[in-house]
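Shown here is one chain on its own, the form predicted on its own, set out as structure tokens.
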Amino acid sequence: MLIHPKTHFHPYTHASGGWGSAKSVMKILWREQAFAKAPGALLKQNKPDGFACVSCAWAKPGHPHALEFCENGAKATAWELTSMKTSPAFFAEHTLSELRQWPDYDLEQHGRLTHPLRYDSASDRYLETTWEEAYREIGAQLQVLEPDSVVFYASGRASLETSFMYQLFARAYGTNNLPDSSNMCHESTSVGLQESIGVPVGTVTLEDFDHTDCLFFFGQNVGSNAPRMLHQLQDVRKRNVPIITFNPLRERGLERFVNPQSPTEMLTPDSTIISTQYHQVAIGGDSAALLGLAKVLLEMDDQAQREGRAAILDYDFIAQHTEGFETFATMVRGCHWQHIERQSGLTRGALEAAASVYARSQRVMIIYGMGLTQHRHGVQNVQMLVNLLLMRGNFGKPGAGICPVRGHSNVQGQRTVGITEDPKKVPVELIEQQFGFKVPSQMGLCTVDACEGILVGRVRGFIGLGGNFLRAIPDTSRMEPAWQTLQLNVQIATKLNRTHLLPAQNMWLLPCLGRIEIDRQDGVAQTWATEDSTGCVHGWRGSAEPVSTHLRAEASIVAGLAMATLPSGSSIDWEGWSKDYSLIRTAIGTIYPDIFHDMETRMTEPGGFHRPIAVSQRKWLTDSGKAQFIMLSTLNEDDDVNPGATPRDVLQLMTLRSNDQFNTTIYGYEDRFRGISGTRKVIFMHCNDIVRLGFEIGDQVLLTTAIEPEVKRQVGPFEIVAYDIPEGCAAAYYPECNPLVPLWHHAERSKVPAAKSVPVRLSLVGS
């Protein structure tokens, strides 16, 4: 195993970006031994003639910067283009039992997988196999299993073409069990926005940043999770546009930024102030804060009417385009400020300050992330954002709208082309007419349902198209033993991770090309496409030579599995598609003509093309044909513990990512912005909570879930770090804290794990 740096905590006083970012990029290029490939690749990253970043899904401009990548994007590129390899010889030296003792970082840091592998239980090792043998044996296993006992999981990294093939494979096989990473992050968005405004995705494009006159941020850490957005935010601030942030922690990327591409900024002490107001809302207090903002607007509007001034609310828009306003307004007026302040953790004055800026702004955008969606009432949070925008008509005009920031680089796109457990969300008739098979009518399994199925033995087979499923899901300690009872486990991956080390009865590890590598089929380099957070579709191509001649493209692997599993005579030309991706794009255009007509031409245009968003024309694809004001059901986003009766020793814990990771991938042990290095086993607490609970800074503690005491969920030891976080709240890293999240502790209706608010108790190690 690798030798890790010593633990160190020292507050970071610099801006985001700048020399800190530049140094971090150089470190990972050196560590991954990627200087030969990565620098040239970085020049093509997110460029029209290059490849889409394998990290976040933030928008790719048609006229990119000279260096259109961020610190974490560079880390992702170096991580994929590493010179280090995990070959069959590695597995000859290490059993899976031994490798399960390795830290996650060490597993992935060892390098790229190079050969197809099958698990041998007698030796507890992966052994090299051939692609033909893997396809044949996996196909035979799938033919024996009941289709609805098999899960087809997608991590969000696969292209539109591969994703389209994958969902067809699952449905032709006979199941809608197509959970994906969206189930764990933004499904609350898909449910909430669809019901409120008739679309499941955001309404903002990059161009809107040029027209907005006010931005609100809720629960999104741009500095670590979508740093390229800082370019848009810096441009907005140069126009003196206010940015108002609601977030429990003060994140450096939302405070100050130095553009690493600007020599002037790099050589002077100046930085751009990002947030003009920063409100540290309590964990679970977003709905209360949003209701407070709405209450201030109503009070301001009442006063304006009494004084004969222009209305604060856009009554013409409300009357013409919405339903439910009067009921919503009555509910807001009936809420008391005492309850709003207690639940939000903010003062009435703070909410009045934010609402006053909103009231005098004409084109307002709200940007948000998983800080809102990963709660028991995450859907409600999203719909409260919409309510606030509807009050002043902030949809369907330049510079206004709602902007959920997606994670994985094509997680939104794979949903667009059919990766969903709900058959009502796909064009069933067109699929059946075009491809000649019956689409199953039964509802499939989302991620939480799939986990429950594994626990009780209903799920017998699992195919993973990328990702580190066992690290990403909640209730890890319960899930890992159940995982090993699966009859079939197939993992398509680029590097070794924890999920690959818990064997099923029959298990294969199939290595695929990385996104940055040239995908040649019959000697012809293929192009592929993704959809970003703003609903824009782009075409791309790899630029680096594959790390191994034994790798296969994801599309080829899906085709190989489908041909080995499905009856012969299928009307889907799996082999032809896997050799010519333009044929897949033609099929996508046939099934989704409104979005993907002329896809082959339009995806190569600078900036790509946007999927049509009806809200942009103030068309509402809801049942009533109007946008909906949705009632608030509770001020408490996480009501597993009643706030009025919560024991004083229980803290609300949120999980978070460091700026040295992306999702479950750990690039290193340095969370520069929070001043942590050498470890990830820390818990951030308010200094008052540390003292009142009888602890000291630096104490080693165990964290135990404070609900469902009959099931012990515990992690640690973690070191206590004093931090600027609201009292009663705490934070620690994902995925280390996933064992604390009960599987049932998820958002109502969307089933997104409520990892942003978990009630926990702390105890000293050894006490």
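Counting begins at 1, following the sequence as shown. The structure presented is a predicted model; accordingly, all values stated were derived computationally and were not measured.
What comes next is about the form predicted in complex with a small molecule, which is not displayed.
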property	result
Site check V150, W483 and P742: each within 4.5 Å of the small molecule in the model of the complex by heavy atom	no
Which of 171-179, 384-392, 420-428, 241-249 sits within 4.5 Å of the small molecule in the model of the complex, heavy atom basis	241-249
M370, M365, L160, I683 - the one with a heavy atom within 4.5 Å of the small molecule in the model of the complex	M370
Contact assignment for the small molecule in the model of the complex, among G467, G401, G413, G192, heavy atom within 4.5 Å	G467
G198, heavy atom within 4.5 angstroms of the small molecule in the model of the complex	no
Exercise: E187 in contact with the small molecule in the model of the complex, heavy atom 4.5 Å	no
Contact of C56 with the small molecule in the model of the complex (heavy atom, 4.5 Å)	yes
In the model of the complex, N497 touching the small molecule (heavy atom, 4.5 Å)	yes
